[in-house]
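One chain comes next, on its own, written as structure tokens: the form predicted alone.
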Amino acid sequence: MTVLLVALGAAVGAPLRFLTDRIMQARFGAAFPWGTLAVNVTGSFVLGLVLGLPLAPGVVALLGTGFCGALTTYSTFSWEILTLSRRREILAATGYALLSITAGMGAAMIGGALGHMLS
């Protein structure tokens, strides 16, 4: 049953990641990976919230592992840093890495604190 919940969450998270990336590229262009930044920070916040709430293990598997796992993409994040570096856009690559990690950790902490406050 847990595997099914993870798959169901992933079935929602992965298309949402794809659509978010396309929308961000259409709005801001493809020179900087705004879509990946948006889904990673949002997913970090949602995961912090999910883990901060007293939820049943099945709901955590659905939302935390399935949805957030498919929504966020740190492999793409790494690839985009490498791509920026290969284009010799070192300042953008460094800024992207620092912003992603800092904002992701901050969002997770805020989500977790909000979850604890709501529980």
Partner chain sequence: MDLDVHPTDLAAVAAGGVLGALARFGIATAWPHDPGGFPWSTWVINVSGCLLIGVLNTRIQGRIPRLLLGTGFLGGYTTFSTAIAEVSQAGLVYLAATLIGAVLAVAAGSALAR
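Positions refer to the first chain, counted from 1. Owing to the predicted nature of the structure, the values given are computational and were not obtained by experimental measurement.
The discussion below concerns the form predicted together with its partner chain, not included here.
- Proximity of A113 to its partner chain in the predicted bound form falls outside the 4.5 Å heavy atom cutoff.
- Its partner chain is not shown here, and in the predicted bound form it never comes within 4.5 Å of any heavy atom of V59.
- Within 4.5 Å of any heavy atom of its partner chain in the predicted bound form lies no heavy atom of R88.
- Heavy atoms of G95 never reach within 4.5 Å of its partner chain in the predicted bound form, leaving it off the interface.
- Contacts to its partner chain in the predicted bound form (heavy atom within 4.5 Å) from stretch 1-33: T2, V3, V6, A7, A10, A11, A14, P15, R17, F18, L19, R22, I23, A26, R27.
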